[in-house]
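Below you'll find only one chain, the form predicted on its own, shown as structure tokens.
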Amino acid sequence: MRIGILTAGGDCPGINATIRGVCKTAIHHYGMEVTGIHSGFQGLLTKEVEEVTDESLSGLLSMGGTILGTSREKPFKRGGVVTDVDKPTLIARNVEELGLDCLVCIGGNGTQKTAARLAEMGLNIVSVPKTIDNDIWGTDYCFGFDSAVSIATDAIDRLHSTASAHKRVMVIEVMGHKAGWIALHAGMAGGGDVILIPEIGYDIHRIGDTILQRLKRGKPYSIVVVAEGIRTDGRKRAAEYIAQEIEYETGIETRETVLGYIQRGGAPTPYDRNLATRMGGHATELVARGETGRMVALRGGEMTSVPLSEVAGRLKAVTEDNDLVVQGRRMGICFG
């Protein structure tokens, strides 16, 4: 059996560990041949591929980024540059010409959607969920999330000393698109006083009151953690908008910090290395068993899989009954 493997969408700590998990299991346990596809789905259009060997997998476990490269190519997307190429049909033809019995797709929500549509066309697809945002439906956790939370928590820890020294409010913006998982977990782990996420609305007056009440209790500084996807006036980044509003409401000097792509780079945490290894290995098991059209998932600590048709187009969001939200409110943390 020959399988193809690609990584698509944004980079994320743990992708290389997943590639290693898929390929080592395929080569050593199942005796499969593996073709690495460069630049995501773009590489399937141009047949930019290479043979993956055991030697080429050396050193991947702790390496950030992706050795296969990635792109934002969405073969089913309409609009943009007009071409005469039917991309999905070309991909199907190239998969056949490359002799691939199954395709392993590692990626986020967009990749899962594309993978589901390719499966609908009759291609044998197994996917692995990848995102620092942790917003892919069907799995408790995605690799990359723990690494991003660790990086964000470390940044929040460092901001405490500056905020305390200058008696300021420090606003730190973290990634997450439309989901607040990173802000929630890093905000709680880093001792945030205010945590704002897209799933829970906020009242800037209440935030101001929370900060002023802290001042009255002898706490002259506050840490505000905001997810990039919260509601703003549409003209400013989340951190800039919230910082300006807080300073206006309270009169306290307020500064903002945007972590940005730092959250996606570098080596994965030990947890993410092990999760990526487990997910990669399970993906290969699904291929060997002929269970295609499915996404690997972690549920209740166990490896399983869910139909791609159920994942595509769905988002896993934070809910107000989440344990961390409930416990945070009990401790006086303001969620807006």
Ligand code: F6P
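Small disclaimer: the values here were computed from a predicted structure and weren't measured. Start at 1 and count along the sequence shown; that's the residue number.
Beyond what is shown, the protein has a form predicted in complex with the ligand; the following relates to that form.
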item: Candidate stretches 130-138, 163-171, 184-192, 211-219, one within 4.5 Å of the ligand in the predicted bound form by heavy atom; value: 130-138
item: Contact residue in the predicted bound form, chosen from Arg206, Arg158, Lys87, Arg72 - any heavy atom within 4.5 Å of the ligand; value: Arg72
item: Of Met175, Val149, Ala239, Val126, the one that lies within 4.5 Å of the ligand in the predicted bound form (heavy atoms); value: Met175
item: Non-hydrogen atom contact Lys113 with the ligand in the predicted bound form at 4.5 angstroms; value: no
item: Contact label in the predicted bound form: Arg264 to the ligand, heavy atom within 4.5 Å; value: yes
item: Glu245 within 4.5 Å of the ligand in the predicted bound form, heavy atoms; value: no
item: Exercise: Glu256 in contact with the ligand in the predicted bound form, heavy atom 4.5 Å; value: no
item: Within 4.5 Å of the ligand in the predicted bound form: residues from 216-241 (heavy atom criterion); value: Glu228
